[in-house]
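Consider the single chain below, provided in structure tokens and representing the form predicted on its own.
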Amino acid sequence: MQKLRKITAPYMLILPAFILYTSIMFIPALENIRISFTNWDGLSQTYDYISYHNYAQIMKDQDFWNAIFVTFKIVILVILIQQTFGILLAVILEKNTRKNVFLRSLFFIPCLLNTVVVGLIFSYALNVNFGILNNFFNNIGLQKLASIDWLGDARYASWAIVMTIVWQYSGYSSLLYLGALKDIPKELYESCELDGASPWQRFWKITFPLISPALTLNCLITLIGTIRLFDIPFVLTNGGPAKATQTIAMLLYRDTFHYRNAGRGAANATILMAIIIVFSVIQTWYLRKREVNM
């Protein structure tokens, strides 16, 4: 009996979380897949099964392929820039001084804010007429930059979204990297210093390889969050100009609520879920192969 308890104890501990996850996430996901094969409008009591018609229509839709391109453009830029800033902040703020503790808290605060609030803040800050950023460029004499319509020009709108996301979540990423930095033995740095290694060499030979598990986790969190991006582009640009910032999640919203085609919206959601799973597995597998464990 005691042996049986030891075997079943771990499963009993995770059982409540498993039941909660199944009821909130897994069952609705299966129901969404079922609805994706119907012509349900989201309100009617009845609907018909139409096989894979919704998926066929999505594959023919130029807006879908544009949304794929826009989404992955933002994903790649956010991952590269956010992780760079996160690592940089972690390295700079590693020492436990009063100033660094205060700055860590300051940089972490944005990720606690509601994304709609952040979107509204940046919609004012990036306004071409009275925005803080353009006024700053104007005051220092950079007239070309001061005239950029960050939210109304298709060339810059996606960059505005990337800037907003990076501002909000770089502090969160830096905390994960700080945790990884604390686990690196100081003896490794001391040995490198004795060998005459420069700070840059110490970073590339010791710091960066040994924080690779945190890099894998950070990239996974950023990938999942950015692929399903909706709120920030919705508030900042509403998918414009000329659909230059229309993401896959925004197509889902458009089909479900604007066109009252919940079946097609569910198909979009299923495709989005599949993309997240596939790319999360690929990215995690690729990065884990390059992890260095202490």
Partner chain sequence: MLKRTAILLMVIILLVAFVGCNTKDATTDKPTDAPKETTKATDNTTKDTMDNPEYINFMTPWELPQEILDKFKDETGIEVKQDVVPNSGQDYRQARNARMAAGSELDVIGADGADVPDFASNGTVVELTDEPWMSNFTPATLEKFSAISQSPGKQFWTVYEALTVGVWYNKDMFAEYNIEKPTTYDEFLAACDTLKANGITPLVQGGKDQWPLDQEFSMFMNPLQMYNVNFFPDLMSGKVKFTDPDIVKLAERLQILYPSNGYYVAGILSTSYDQAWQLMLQKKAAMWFMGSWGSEVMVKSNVEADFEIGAFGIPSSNAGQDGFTPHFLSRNFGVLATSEKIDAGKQFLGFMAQPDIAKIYADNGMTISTVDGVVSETMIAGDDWKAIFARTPVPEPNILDPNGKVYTTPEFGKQKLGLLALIAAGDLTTEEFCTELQKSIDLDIENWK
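None of the values given here were measured: they were computed from a predicted structure. Numbering follows the first chain given and starts at 1.
There is also a form predicted together with the partner chain; it is not shown, and the following applies to it.
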In the predicted bound form, residue 149 touching the partner chain (heavy atom, 4.5 Å): yes
Partner proximity in the predicted bound form: residue 59 to the partner chain, non-hydrogen atom cutoff 4.5 Å: no
4.5 Å heavy atom contact, residue 65 and the partner chain in the predicted bound form: no
Contact test in the predicted bound form: residue 181 vs the partner chain, heavy atoms, 4.5 Å: no
Check all three, 73, 91 and 282, heavy atom within 4.5 Å of the partner chain in the predicted bound form: no
Proximity to the partner chain in the predicted bound form, single hit among 124, 208, 102, 136 (heavy atom within 4.5 Å): 124
Which of 212 to 220, 92 to 100, 127 to 135, 196 to 204 sits within 4.5 Å of the partner chain in the predicted bound form, heavy atom basis: 127 to 135
Any residue of 217 to 239 that, in the predicted bound form, places a heavy atom within 4.5 Å of the partner chain: 234, 235, 236, 237, 238
